[in-house]
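Alright, two takes on the same chain below, each alone as structure tokens: structure 1 and structure 2.
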Structure 1
């Protein structure tokens, strides 16, 4: 063991790495937001849509949950140009992450749709609730509550998953760590700092989701 730590050579790069962390967070956030919309539409289609549309959703979900995210992004980045569609690396990664998330979030949200209690809706109806009031006061709170923990967990997984973007040259946290490493080869220090930043990101996300969930829906999402 004659490796001497040279933290001094990397501390100067911390703001640059932190900027990468922000890009990672951004990818996760937008990917999650788009995935939620896609997932909600697909879950609603699976619950109420015509048969052909349900089949289509099934095909989409099983394709994206049964192939690696990396392959999906490869396809978007290198495959689509053959079809005349050109995405830059950031776009390809974002679209890939979003479609992947959409498939998983379809399944999660569908479980929520199935679990709304008929009995509470009966009670609401006999108390004179309108359709809109039922959705607002009974269905939505129920969905948020049952879906909160699995959604929060998926979001955390997505934050870490953004490191895949580095492979396509997107300069998020991992990409920037690779850049710094190429300059001074202080690999241990650089990747410890990057790891520390990922841990900070996920703990910050978990903790804020935890407190928010506890406050808003009285539920405990998983922190670790």
Structure 2
């Protein structure tokens, strides 16, 4: 093996790569937040909604959990313009990961809704709680304690999954690593640093989620 490592040609690009890492976190955060809202609405519909609405949610979940995220974003980026709907690369990726996350988070949150004990709801009704009070004081605290760890894990997976955005020209961490590699062709060095940054991101996000859960909800859950 005659390969000569030349880290000096790559280390100068670390601030540029770090900017891409921030874009990756941004994509994951907004995608997860939107997916949580979509998932909560769909989960509530599956748990308590009318039959027709439940079937629509089932179709949505089935489609997005049984097709690759890459195909879904290709459809949004290249297919929708044929219908007169134009999204730039960042928007297409964000919409794609949000809808995909929403489908998976629907199932996660539905499991949480179904795990609420009927006796707890009956007790709240006996005490004169309104529907909103039941949700606030009974359902939501139960969901937070039950679902925090799987939801946090899904967020970590989404952080890593943002690398798919590079295919569409979004300059997140992987996209910027490809740009640097196209300049100096030091593939081993540049992707080693990118991999190290991803490891740092996941460890930092995992630690943050652990301490947030501990202090905000008193949940001692291993996130990652």
Partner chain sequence: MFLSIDGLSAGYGGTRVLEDVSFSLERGEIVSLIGPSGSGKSTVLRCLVGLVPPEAGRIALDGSAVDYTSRAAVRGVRDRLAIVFQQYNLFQNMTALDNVAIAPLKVKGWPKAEVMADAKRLLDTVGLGDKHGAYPDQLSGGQQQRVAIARALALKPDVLLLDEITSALDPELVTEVLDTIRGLAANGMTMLVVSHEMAFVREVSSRVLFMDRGRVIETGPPAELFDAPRTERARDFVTKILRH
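Small disclaimer: the values here were computed from a predicted structure and weren't measured. Numbering follows the first chain given and starts at 1. So that the term is clear: the rigid core is the largest set of C-alpha atoms that superpose within 1.5 Å between two forms.
Note that the form predicted together with its partner chain is the one shown as structure 1, not structure 2. Annotation: Cα of residue 99 displaced by less than 2 Å between the two structures, core superposition.
With a cut-off of 2 Å and the rigid core superposed, residue 124 has a Cα displacement that reaches or exceeds the cut-off between the two structures.
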